[in-house]
Every structure is written in structure tokens, then in C-alpha cells.
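One chain is shown next in C-alpha cells, namely the form predicted alone.
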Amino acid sequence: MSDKPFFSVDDLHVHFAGRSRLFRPTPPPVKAVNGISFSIEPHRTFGLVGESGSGKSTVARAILQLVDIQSGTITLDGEDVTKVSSGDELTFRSRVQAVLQDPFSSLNQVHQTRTIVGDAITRHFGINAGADRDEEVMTLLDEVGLSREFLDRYPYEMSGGQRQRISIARALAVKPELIIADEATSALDVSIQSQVINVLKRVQADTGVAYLFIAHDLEVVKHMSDEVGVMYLGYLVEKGDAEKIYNGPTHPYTEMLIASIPMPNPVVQAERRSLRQSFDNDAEPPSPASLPPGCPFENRCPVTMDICREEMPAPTIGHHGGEVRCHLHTSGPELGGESVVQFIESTARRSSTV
């Protein structure tokens, strides 16, 4: 058995060239993704979380061959798929599928479900429109929790959650090994989010498909994922076991995301509000076209040090079994990969009493 991971992204960089303008110098490239690495095994989910503009969707587009990469490698079952040739594209698409944020725009509004899902079956397996293909589509509808009456429905006749289930059925039609769910639940109501997540988890249990689950809500990602990667301005600042990161983050940015999650307990919510206020929430993140030499989170961090402004921290082993890029673990308090929660809370309390 190979000791290589089933799917891996290694030192991925994605840069976008600046748009030149007449009589003006060409601006520097936008560094959307900066040297991120992670892996996923069958039956497992890797969650990618971060604010808008952190580079999450660019990672998805790079994997799906929709944007060119600057450097790095992407491998699937030991095969380099960093750049898929046109002759191998259909095979790649059968192995890697996507479920996108807005099912209304990603589904053809003039086609019924039998065509939306069935056309993928025809293209990849050669089963033409007819009773046999319809039976395959109805089996997929059963798998995503929809009745067979949806076979004749158009997308505009469905709710958002139902359309997203159709998107999942279309992805499953080609029997993929990896599904990239890019903000697949973000446009849905909370109750519908839960239903779609349950569908994804049930499908994974039945088929063994691996997921790259991308969202901006850390609580949703934690519920869905085995491992989590936290992105900020193109950097993977923390990655590791989802539950352990949620309960004991090792990067201040991760703690800021957790503190932003609403809680029904008013006492806990008040504590989180106080913690959020210790961060400089009004500070603008640096431009990805002009990244600072140090940590990009430095101007928003409540526990920044001089070294944070001078150099980007190297990865450090975290208590959650993954990595963290933060100088707190090697300088100053030297937390050594442990949670930053207690240190940030004590710093916030000291600041409030000054």
C-alpha cells in the first residue's frame, strides 16, 4: 500500500497579473494563494475556512483547472494532475466534481432534472436519454433525499435546498472520488443548511467520496469536517483536527473567527463580544498585491510583537496534530503549539483595566 495521501496540494501558489493601463506602470501581481499544502483521504473531509478574499475559492478553482497556478503540485491517487491535458480532461472531471454556492445560477433553468443530471451520465458513461438513463437519475434522486417526482421539475420550481440537492446528484452522477463543495451551504437558511450537510455526510458514508468543504462559517466547517485549514490572505495560518482547533485554536485569527460565532448563552456571548473587541476589527487587511514582510494579520492582532512586523512565521507543530504559523509559539510567550485562547483572554483583560 502506498504511503502517499489520496489527494494532496503541495506548496500551491496562485498569482494574478496586474492589469496594465495606458501611460501607467503595470501594477504588481495579486498573490491570491501563497504556498499552501494539505491532503485528504477517502471517506474524509478537509474544511477550508476564512473570510471573503482569503483565497479559498481560488484554491478550488486551481484544483478544478479553472485558473493557472504559479507553482506547486496537485496529486490525485499518486498521479500529478497539476495540469491536465485536453485528452485527459474527461477522466479528470469524472474523478473530481464540484458543488457551487448558488445552485440557481449553476443549473440550466430551461432543463428538467432528467436532463441536468442525465447529460452527465450520457457524456461519461454513454447511456443516452431514455428509460435506462431516467432510472439512473431517479436512483441519484433517492440518494440525495428527493422523491422521483423531481425528475420532471425545472430549477425554478424548486426551493434553494432542493436545487442544491440536484447539484449534488449531478456531481454524484459521474461517481467522483473527490467533491469540492465551494460555499455549498452559504446561500441557504440554517435549517436547510443542516439538511444539505446531512445529505453530504450520508453520501460520503455510502460511497467513500472525499470532500474539500469550503465555507466562511467555522462552526459549519467544524460540523462537516475531519480536518480544518484556516486561510488568511492566501496563507494557511492553521490546520489540524477540526474539533481540537475549534476548542483550542493556536492562531489569533482562528480565535477571532470563533469569537464571531453567535451563541445562545448570553453570558458566553458577552464574553465573546469582549474578546472580539480586543481585535482591531476596523483595520483593513493588507492588499494581496502588496503583502507585508511579516505576518499579514499583524495589524489586526491584539498580541502582536515586533517580530510579527518583520518576518512571516514558519510553520510550527500544533497540539491538534497539524501546523500553525504564528510567532507566539516560538517568540515572546513561546506557547509551543498550544492554544492561544488563555493568553489572548488574559491580554484583553489587562488592556481593559488600563
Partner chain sequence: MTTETSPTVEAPAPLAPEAPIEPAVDSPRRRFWRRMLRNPLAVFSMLWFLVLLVAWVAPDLIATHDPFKQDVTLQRLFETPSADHWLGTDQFGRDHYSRVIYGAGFAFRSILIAMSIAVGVGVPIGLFSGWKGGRFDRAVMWVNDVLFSLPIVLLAMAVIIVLTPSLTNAMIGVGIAMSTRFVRLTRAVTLAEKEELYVDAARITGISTPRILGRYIVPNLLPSLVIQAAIISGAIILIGATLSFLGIGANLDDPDWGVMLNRSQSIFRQEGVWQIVPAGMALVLTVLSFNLLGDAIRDALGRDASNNALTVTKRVSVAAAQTEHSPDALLSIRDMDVEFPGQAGQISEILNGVSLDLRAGETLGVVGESGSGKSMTMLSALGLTPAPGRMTRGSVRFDGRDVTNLSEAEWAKIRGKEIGVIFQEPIAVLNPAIKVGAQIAEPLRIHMGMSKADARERAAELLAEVRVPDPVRRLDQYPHEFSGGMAQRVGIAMALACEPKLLIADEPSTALDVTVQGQILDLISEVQERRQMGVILITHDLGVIAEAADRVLVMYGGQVVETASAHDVFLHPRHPYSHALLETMPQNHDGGGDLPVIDGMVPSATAWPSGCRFAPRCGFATDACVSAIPPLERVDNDLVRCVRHSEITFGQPVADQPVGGTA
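We call the rigid core the largest set of C-alpha positions that still match within 1.5 Å between the two forms. Residue numbers count along the first chain shown, from 1. Everything numeric here is computed off the predicted structure, so don't read it as measured data.
The following text describes the form predicted in complex with its partner chain, which does not appear among the structures shown.
206 to 214, 219 to 227, 134 to 142, 71 to 79: which one contacts its partner chain in the predicted bound form at 4.5 Å, heavy atom to heavy atom?
Heavy-atom contact with the partner occurs in 219 to 227.
I have 61, 93 and 119 flagged as a candidate spot, so tell me whether each of them has a non-hydrogen atom within 4.5 Å of its partner chain in the predicted bound form.
Each of the three qualifies.
Please identify the residue among 31, 300, 44, 319 with any heavy atom within 4.5 Å of its partner chain in the predicted bound form.
Answer to the contact question: 300.
Which of 151, 192, 127, 275 has a heavy atom within 4.5 Å of its partner chain in the predicted bound form?
It is 192 that has a heavy atom within 4.5 Å of the partner.
Even though the partner isn't displayed, in the predicted bound form is residue 65 close enough to its partner chain, meaning a heavy atom within 4.5 Å?
Flag for residue 65 set to yes.
Would residue 168 sit within 4.5 Å of its partner chain in the predicted bound form, counting heavy atoms only?
Although its partner chain is absent here, residue 168 would stay clear of it in the predicted bound form, with no heavy atoms inside 4.5 Å.
Spell out, yes or no, whether the shortest heavy atom distance between residue 310 and its partner chain in the predicted bound form is within 4.5 Å.
No.
Residue-level contact is defined here as any heavy atom of the residue lying within 4.5 Å of its partner chain in the predicted bound form; does residue 242 satisfy this criterion?
Result no; residue 242 lies far from its partner chain in the predicted bound form.
Can you tell me which bits of 36 to 57 touch its partner chain in the predicted bound form, meaning any heavy atom within 4.5 Å?
The stretch touches the partner through 51, 52.
Tell me whether residue 126 is among the residues that move between this form and the one not shown (Cα shift of 2 angstroms or more, core superposed).
No, the C-alpha moves less than 2 Å.
Taking the rigid core as reference, does residue 265 move its C-alpha 2 Å or further between this form and the one not shown?
Where the cores coincide, residue 265 still shows a C-alpha shift between this form and the one not shown that is 2 Å or more.
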